[in-house]
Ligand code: AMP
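One chain is shown next in structure tokens, namely the form predicted alone.
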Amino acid sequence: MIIIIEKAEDMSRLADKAHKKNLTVGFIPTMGALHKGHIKLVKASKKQCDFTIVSIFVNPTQFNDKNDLQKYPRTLDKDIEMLFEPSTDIVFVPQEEEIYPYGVDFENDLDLGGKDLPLEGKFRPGHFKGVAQVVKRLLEIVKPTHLFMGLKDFQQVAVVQHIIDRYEIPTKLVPVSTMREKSGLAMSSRNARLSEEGKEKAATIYKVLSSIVRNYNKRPVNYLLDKGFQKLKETGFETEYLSVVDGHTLQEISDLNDTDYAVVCVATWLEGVRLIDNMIIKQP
């Protein structure tokens, strides 16, 4: 049986009870439109924690494009139905006023350590300020011992880890590997907006990233990136960035000998849908 909670006060009270019983609390923050990738996070939490909470809240502060906010799919009944199978304990479905009560300052100016500036930051200014704001607020309400996030958005995970460290939040971040379709396409709520032909084309993203990971020690990084850009363009993509970055700083690198942690990241458009993905090339 799933308990559905709408009020922040009720959610915090229940979390306090769990802590008093020394129970571990796993938390998965989502914006709904759930897919198998989200369920993978729930199952990871169920394995590691006594209690699992999923939030569904479409956060307006992380959308720098109002049209994108309006287009974001809202499928609450279907989402809750999906959460029965992995035995989710609580679904937290707050309204906006529960997350951002009028007149309360929730630190619009959080210190993100510069991790919000490269990659997505160049094309979605302010996006990660909104992400950090809502995640910090949710962590204050839910008070989890563990936070489970997918690695599909590598930069988002890095920003949230910085927030946890910077503000000494007593929660352990647990990154979970990206769930993919059989074609290799990273699962995303946005995939539902692609045509069947578009989904087939979108598998090219995985092929491009895989090629860079396979060949990074055989060819110069810039050569591999140029070939990747060309392949995406030929397939019909409009690519914003395809970059190899230092996994610690998120700054672009061209020589993998300069770091022990390298990730290739991409953001590209197809059929009016913005798709992101990444693959770890090497890590400490």
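Residue indices: 1-based, along the sequence shown. No experiment lies behind these values; they were computed from the predicted model shown.
If you look for the form predicted in complex with the ligand, you will not find it shown, but the lines that follow are about it.
With the partner omitted here, the residue from Gly150, Gly130, Pro118, Pro94 that has a non-hydrogen atom within 4.5 angstroms of the ligand in the predicted complex is Gly150. Comment: the ligand is not present in this chain, but in the predicted complex one of Ser183, Ser210, Ser177, Gln161 has a heavy atom within 4.5 Å of it, namely Ser177. For the three marked residues, Lys43, Lys46 and Thr171, no heavy atom of any sits within 4.5 Å of the ligand in the predicted complex. At least one heavy atom of Thr30 is located within 4.5 Å of the ligand in the predicted complex. Mapping the unseen interface onto this chain, Lys233 falls outside it, with no heavy atom inside 4.5 Å of the ligand in the predicted complex. In the predicted complex, His35 approaches the ligand with a heavy atom inside 4.5 Å.
Although the partner is absent from this view, Phe123 stays clear of the ligand in the predicted complex, with no non-hydrogen atom inside 4.5 angstroms.
In plain terms, the part of the chain that comes close to the ligand in the predicted complex, with a heavy atom within 4.5 Å, is 153 to 161 out of 94 to 102, 79 to 87, 153 to 161, 200 to 208. Residues are counted as partner-facing when one of their heavy atoms sits within 4.5 Å of the ligand in the predicted complex; in 66 to 87 only Tyr72 qualifies.
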